[in-house]
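The chain that follows stands alone, in the form predicted on its own, written as structure tokens.
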């Protein structure tokens, strides 16, 4: 039987492990935490991510757990509209969806099947790329297989053994995200958009409603509002309560619902992320040896800034593409060629999306001139930013699963 080791039980790892198992692979899934957790909050599934889920056979029931993201506008901290709601971000095309992480996690766990040996509490520390057979180790046990899938995130332990020149580089910003469940969502004025974005002085605040307004107000556990805040600087070492106090101070006076949502957020809701990217993206996402080799999926292979909301979607694309290329491969040259095909199909796309996300970030969080300079910049941004965002979003979602 063909064997695979998947390192990391996040979105990329769970989707990949399940897809391999469903096509006849015996899979060992290694997770460093003591149990597999879904993570907190919600994330956006753009159309390309939905297409990937369908290709993986994981889209059943999506209509029951996901909510279309309402048309979004962009404002300044003084409330002035840079872009009116509905003028950008695929406003007239196939809408992105927002889904709670727990719901999608449940679908991934159900899709693992009985061919996946899940081992938690296993921290992989090294790989043996020059061995005759792919292998990784936690320092105590060596795990060998025909194929090793590195899905262990931006700070992967496997990637440095394969391509040491590719390292995670911070963008000079930190981001915080939280999900406020429906029973804690504050009552917001009816004229407050259900989804919106505010920019100013290198800071950014984005909020999106999951579920109907009535559901969010009435209290189903998976309804609520997700928000993301970005601020200049490094990760904050303070405890969550102090980080939340800083956020409330930095964003004080911003237009509703920013202050209301920060006030309703509790320290345990808060998740802090370093904003950055992998530089350079590895020249290949596949590393072959006589029986098969290693592949990089998700952030392990192409971590990028979050300004296009494409991290989860690209990880699902990776899983769907690998599913197709190795579906009928057998260990040896056939498998080696299959994972090379995976890299050939994936690398140009992720390089393009990463570059576009970097550019969007520089525009959204770039210079913050004052006085007349700020007003002139606002006018200019109001003219060109909708086209820039639409073009970037259209390119990001322009993907279809490879055919057999």
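Numbering follows the first chain given and starts at 1. Please read these numbers as outputs of a predicted model, since none were measured by experiment.
Missing here is the form predicted in complex with a small molecule; even so, the following discussion is about that form.
- Contact with the small molecule in the predicted bound form holds for all three of 33, 309 and 313, each having a heavy atom within 4.5 Å.
- Interface residue remark: residue 44 is counted as part of the site for the small molecule in the predicted bound form, having a heavy atom within 4.5 Å.
- For the chain shown alone, residue 101 is a contact residue for the small molecule in the predicted bound form, at least one non-hydrogen atom being within 4.5 angstroms.
- In the predicted bound form, at least one heavy atom of residue 298 sits within 4.5 Å of the small molecule.
- Contact annotation: residue 9 falls within 4.5 Å of the small molecule in the predicted bound form, judged by heavy atom distances.
- Only one listed stretch (341-349, 354-362, 54-62, 25-33) carries heavy atoms within 4.5 Å of the small molecule in the predicted bound form, and that stretch is 25-33.
- This chain is displayed alone, yet in the predicted bound form one of 185, 281, 116, 228 has a heavy atom within 4.5 Å of the small molecule; that residue is 228.
- Among the residues 198, 291, 122, 324, the one placing a heavy atom within 4.5 Å of the small molecule in the predicted bound form is 122.
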